[in-house]
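Before any questions on how it binds or moves, here is one chain, the form predicted alone, in structure tokens.
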């Protein structure tokens, strides 16, 4: 883009600009809005950007609505309940109080799971002693749930419905503005100070070149920029690249979550508020969940973690095998798909925390390292980061202090350091390190960290994808020859298909018995389970930075892991990207096995600002 075009950008001045509307921003804006007006409705603080008017606060959200967050949630909801002390779950669609929980170890009913010798021995012992153990339908129900995993007294939520409920309250207040369908492209940084954001250019081709109707994105200048755009948000990632992470911190641990919302059969007797946690199947590394809402509706899903060292991290296919496990299928059989979705989670926890504040900006939410990797909880923690920042901002407004790094450190970061959020994140800091050595070691490590309040942990060194993910030939050595893999790869490429279905079935995974209601193809899930929309006139948001790295890549894991089948084999080995199918989960960004030249902590895929994505308020 030429300098002359850049100089023609319009500018708008506000007091506070916010990026991304999720639970963290919901907590921030809810708490902030309550402190901006007096009881009679008169403003408490005058705008510095527009003298004579109330404080000007505006939030930009990429998705076309504030209700398109993708997650089924079980949370203790301490921060949420502190904000809404009289909260009635019946006010929120698909919400329920936690009634009962079970922790279930799933055996392998088909014999295709890649289990260690120790785990296979354990499975044989469980089957041999099934009459003396609480087993049913190829599963062992554990008699005890560790206290750090229990969510008693908490809530089941649909993230989409919850954010829609919060957003409606905020917009009715009139104290803040929320603009969905407005992606933010870049932060505005002058020397070491963030002075606002730039909105995305409109009227471009897929490469960002101006076309007819081109309109440069507006510059929004603000005294404070609040960034809560999640783990793959372009603004947070650009800030990390510009300012770096604190010394010794990293963001090498993540997971791909994929889920469905299901109408259960009328005769399924599961109490609303029932929570099932599973582990052990379809692969030992994969965790699953089932949350039962009112009116015979359930949310079911799995998490495929970064330490699952497979070059075909096919989360959708694994989800279907998980649902077909006899322990779960007895509830799900005859059900119907309502909606489907996928997202990635940043699971480095406290060690993935970026600089939380600087001159003119503050970070909140999952992208700020708030997820607790021991309790498996993130929504309430994200919400709490937002409320803590809002309390600090209101204090600075009362004092008449500018939003400098020094003042934000005192008002926000110190407040966060003294909270329950910080105390629990330190306990969880090394809880998952043991998974770098294996599943059983990892489970032991979580137990040790939980029981000792983080004082002890099983050591392990998280590594980035390029140092972890093997080639298909190495992963399947002893099961499929290199020659056969080459033949399968060529056949799939000629048909524009990924490898995982062919390789999994070759290794003994049965074909999915599609029923047209719940067990449907990946493409049908995109059609039935949520609307994917990418309006024209914007640049592609998934970019392969160095094509030669893709052409020589031996895994092409971006194709296998893509949640929406938006990345497919292309010409000369360069993957083809179709943003009409992209659900914005970010799995490709995290999974790419090609490090960026000069920066081994970043991959060859860049996730930029973009519109569209999966539209399903139930998720």
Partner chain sequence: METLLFLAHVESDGSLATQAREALGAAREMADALSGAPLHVGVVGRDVAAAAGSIAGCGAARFLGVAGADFSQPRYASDAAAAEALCKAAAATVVIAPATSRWCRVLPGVAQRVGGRVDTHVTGISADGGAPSVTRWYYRQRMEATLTRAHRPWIIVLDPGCGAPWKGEAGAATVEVVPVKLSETCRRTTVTGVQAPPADQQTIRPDAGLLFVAGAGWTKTQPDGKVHAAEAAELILEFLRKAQASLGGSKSLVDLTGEGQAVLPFMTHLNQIGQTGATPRHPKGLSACCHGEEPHVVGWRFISERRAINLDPNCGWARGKADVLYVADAFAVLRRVNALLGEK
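Computed from a predicted model, the values in this text were never measured in an experiment. Residue numbers count along the first chain shown, from 1.
In what follows, reference is made to the form predicted together with its partner chain, a form of this protein that is not presented.
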{"item": "Contact of residue 401 with its partner chain in the predicted complex (heavy atom, 4.5 Å)", "value": "no"}
{"item": "Contact label in the predicted complex: residue 329 to its partner chain, heavy atom within 4.5 Å", "value": "no"}
{"item": "Interface membership of residue 516, its partner chain in the predicted complex, 4.5 Å heavy atom rule", "value": "yes"}
{"item": "Non-hydrogen atom contact residue 419 with its partner chain in the predicted complex at 4.5 angstroms", "value": "no"}
{"item": "Non-hydrogen atom within 4.5 angstroms of its partner chain in the predicted complex for each of 521, 528 and 571", "value": "yes"}
{"item": "Heavy atom contact within 4.5 Å of its partner chain in the predicted complex, the stretch among 33 to 41, 590 to 598, 554 to 562, 573 to 581", "value": "573 to 581"}
{"item": "Position in contact with its partner chain when the complex is considered in the predicted complex, options 536, 208, 334, 482, heavy atoms within 4.5 Å", "value": "536"}
{"item": "Contacting member of 147, 494, 452, 90, with respect to its partner chain in the predicted complex [4.5 Å, heavy atom]", "value": "494"}
